[in-house]
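What follows is one chain in structure tokens, specifically the form predicted alone.
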């Protein structure tokens, strides 16, 4: 599977796993989002308990040349707390729905995190010096008696142990009636958009008390509601362009130069329906759970329940590439509907050069597709293969008939173990995979 840095074939090997091994996993510890920053030096995760954990890439050790260096905990902070909407008698969960990094402008790092209702801008900065020798305070910080000060001192900066501080710089609240499902930083680095089920808002990073509503699909009569917004993203190069996907399997591209309210789309991407394959579940499995622009901005990728589709922005009538993620589940849709798994929202991601993509599946499987060679591979995030530099063995699912030795039967897949959130390092072949409360990090093992 070729990746960001090289076109050579290589194998994936285990690097690290974060999180407790306990069988009984606390709901608050389940990872709900994973995101590398623009350089790949930092990796952030959010969980259902409202916490954000940031890992920093450490340089490789001389005695461990095979590994590129590990990601170790850099900062942990409570981003959101549970709240209660008294007007609607509604509990607001602390769960982190999305994290998005802002491009680094100085020594500090900034990220946006959101739960269902409130978006926060966090500053993560380092402090390794402290001021000493104040005139009006003593060494313990207590105020001194001004009448006892007989001479003036010049405060000096003294070295101290490194402290990483996370401080909330902005809170963007009260703009969404429905649950926020997406945030996306614009390429102008000044604005970002946030999307809920029926509306998309455009914010300026410096202004918290107002936002501009740029899409509103709420009908006058809610009984006429036929679709909801499932994901939205800004174009990586053109700050006036964004896309949003719907529960009907369609994607709309909008241009903010055309009108202040982008209810009329510029482009409409939809694959023609195949009448022969229609079933009771067709509408549910066609709902798009994630949309991502390629780094080049030429393509976009959408994930529905069974497949990943690649769209050329210049061709609206059908995708240019379609990858089946777990087609063997088509015969299990009834079971998946009964246990609610059919509503799981899988995410997808690109590698740094847009030549490969990754997305998750069940049984802690995740899938990779090489776009040029059309090769694909199924790998598993499990404790069994978590020895340092252990090569990941490709997994295969048997769909019926005689099962081969290395294959796993489709009937024995564990639907409670699912990979919903994945991230790919923007410059190297390093991937992060969230499996319930564990974060697995894998890297390439060059032959």
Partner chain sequence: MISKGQKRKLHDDDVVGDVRSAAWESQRQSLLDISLEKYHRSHDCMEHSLRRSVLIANTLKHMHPENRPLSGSVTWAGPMPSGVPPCTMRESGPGVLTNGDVVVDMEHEWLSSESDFSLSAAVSSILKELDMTMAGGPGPGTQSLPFKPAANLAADLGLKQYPSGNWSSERCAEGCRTSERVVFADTEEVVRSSYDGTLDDLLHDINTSVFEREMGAIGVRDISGAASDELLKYLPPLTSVPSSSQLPISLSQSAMNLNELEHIMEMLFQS
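Not measured: the values here are computed from a predicted model. Positions refer to the first chain, counted from 1.
Although it is not shown, the form predicted together with the partner chain is what the next lines describe.
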item	value
4.5 Å heavy atom contact with the partner chain in the predicted complex for all of 106, 294 and 348	no
Contact label in the predicted complex: residue 335 to the partner chain, heavy atom within 4.5 Å	yes
The partner chain contact at residue 31 in the predicted complex, heavy atom, 4.5 Å	no
Distance check, residue 279 to the partner chain in the predicted complex, heavy atom within 4.5 Å	yes
Residue 94 within 4.5 Å of the partner chain in the predicted complex, heavy atoms	yes
Among the candidates 321, 376, 255, 197, the residue which, in the predicted complex, approaches the partner chain to within 4.5 Å (heavy atoms)	197
The partner chain: the contacting residue among 315, 222, 162, 149 in the predicted complex [heavy atom, 4.5 Å]	222
Proximity to the partner chain in the predicted complex (heavy atom, within 4.5 Å), stretch among 152-160, 134-142, 256-264, 225-233	225-233
Stretch 84-106: residues contacting the partner chain in the predicted complex, 4.5 Å heavy atom cut-off	84, 86, 87, 88, 89, 90, 91, 93, 94
